[in-house]
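A single chain, nothing else alongside it, follows as structure tokens in the form predicted on its own.
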Amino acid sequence: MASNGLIRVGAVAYDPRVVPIWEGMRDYFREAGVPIDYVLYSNYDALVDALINRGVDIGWNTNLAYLKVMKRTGDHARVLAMRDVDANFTTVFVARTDTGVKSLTDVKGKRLALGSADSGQAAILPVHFLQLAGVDPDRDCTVLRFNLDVGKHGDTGTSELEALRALRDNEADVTALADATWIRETTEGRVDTRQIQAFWTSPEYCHCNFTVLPDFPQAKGEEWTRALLGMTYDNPRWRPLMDQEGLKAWIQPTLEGYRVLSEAVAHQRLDEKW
């Protein structure tokens, strides 16, 4: 912790709204009696390094960043909390309706658009789910990758939107993206569902969490978590902040949901580069 007693929380500045979110979080924790300060980084590798090197006390990590911290701590890092939406994240596969694709096995022989290489929801897990269905994207498909905003683990969503554009412009047949992104794009009318439709949704998995090193004081971690879980959507003061962060409640961690990404990373040998 900082010399002034503040808990330092690290996050990634993937969008301009991150600054007002963390200004609000700092106000909230000060009033809750567990004061924090925040440090923003340009990418998740920098955040992971900062946590490991004790430049921050808590890292607001993606699922992939969390796995990197776990590897570097011998699987001894701890998770303090997560958002409700982080416990039931899913990836949805969508296809042009003129391709006849109705299942993952149908993706064989098709043009597959994938998001940023470090995006769990739009690249790493889609490849894994296809492999489990007997489809090797590199061997069986024509792969079109949109490696945009690499380092931000798909948080910006730009690569998913570009992959959708590729389907719309008939440059690709199939893509995969976060279900939340698909719902938003269809609800707001930016996808013609006569042209592009969802055909498969993954099992639920976990996304972001607040990670600490194994020697972070247990009592301080419990105090911080209690304060965070005390932020309620019913309180009109904090509701806009929670809306900005896309949740209705902060919850205790559920760690089983990280297993599938861990398996995907190992199978694709991505962790050999960490």
Partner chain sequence: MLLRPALETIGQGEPIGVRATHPSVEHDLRAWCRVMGHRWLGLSPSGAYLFEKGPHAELGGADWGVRIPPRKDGDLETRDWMLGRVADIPATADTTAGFAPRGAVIEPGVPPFHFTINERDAVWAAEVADLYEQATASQWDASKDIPWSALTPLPDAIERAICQLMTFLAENEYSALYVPAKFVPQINPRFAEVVMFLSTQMMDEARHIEAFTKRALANGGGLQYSALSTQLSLKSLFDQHDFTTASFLLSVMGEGTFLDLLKFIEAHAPDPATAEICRRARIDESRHVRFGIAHVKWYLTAAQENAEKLMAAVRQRAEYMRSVTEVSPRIVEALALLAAGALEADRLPAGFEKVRVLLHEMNDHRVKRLVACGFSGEQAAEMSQMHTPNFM
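Numbering follows the first chain given and starts at 1. Just so we're clear, the structure is a prediction, and the values are computed from it rather than from any experiment.
The next section is about a form of this same protein that is not shown, the form predicted in complex with the partner chain.
Selected contact from 204, 136, 75, 171, since only one has a non-hydrogen atom within 4.5 angstroms of the partner chain in the model of the complex: By the 4.5 Å heavy-atom cutoff, the listed residue in contact is 204.
Of 142, 105, 147, 197, which one comes within 4.5 Å of the partner chain in the model of the complex, counting heavy atoms only? If I apply the 4.5 Å criterion carefully, the residue I get is 197.
Since the partner isn't included here, can you check whether the partner chain sits close to all of 89, 182 and 234 in the model of the complex (heavy atom within 4.5 Å for each)? Result yes, every residue of the spot touches the partner chain.
Determine whether any heavy atom of residue 239 comes within 4.5 Å of a heavy atom of the partner chain in the model of the complex, and answer yes or no. Heavy-atom contact with the partner chain at 4.5 Å: present for residue 239.
Close approach of residue 30 to the partner chain in the model of the complex, 4.5 Å, heavy atom: Residue 30 lies outside the contact set for the partner chain.
Can residue 117 be called a contact residue for the partner chain in the model of the complex at 4.5 Å between heavy atoms? Because no heavy atom of residue 117 falls inside 4.5 Å of the partner chain in the model of the complex, the answer is no.
Is residue 85 one of the residues lying within 4.5 Å of the partner chain in the model of the complex, judged by heavy atom distances? Contact with the partner chain, yes.
Sort through 182-190, 156-164, 122-130, 106-114 and report the only stretch with a non-hydrogen atom within 4.5 Å of the partner chain in the model of the complex. Partner-contacting stretch among the options: 182-190.
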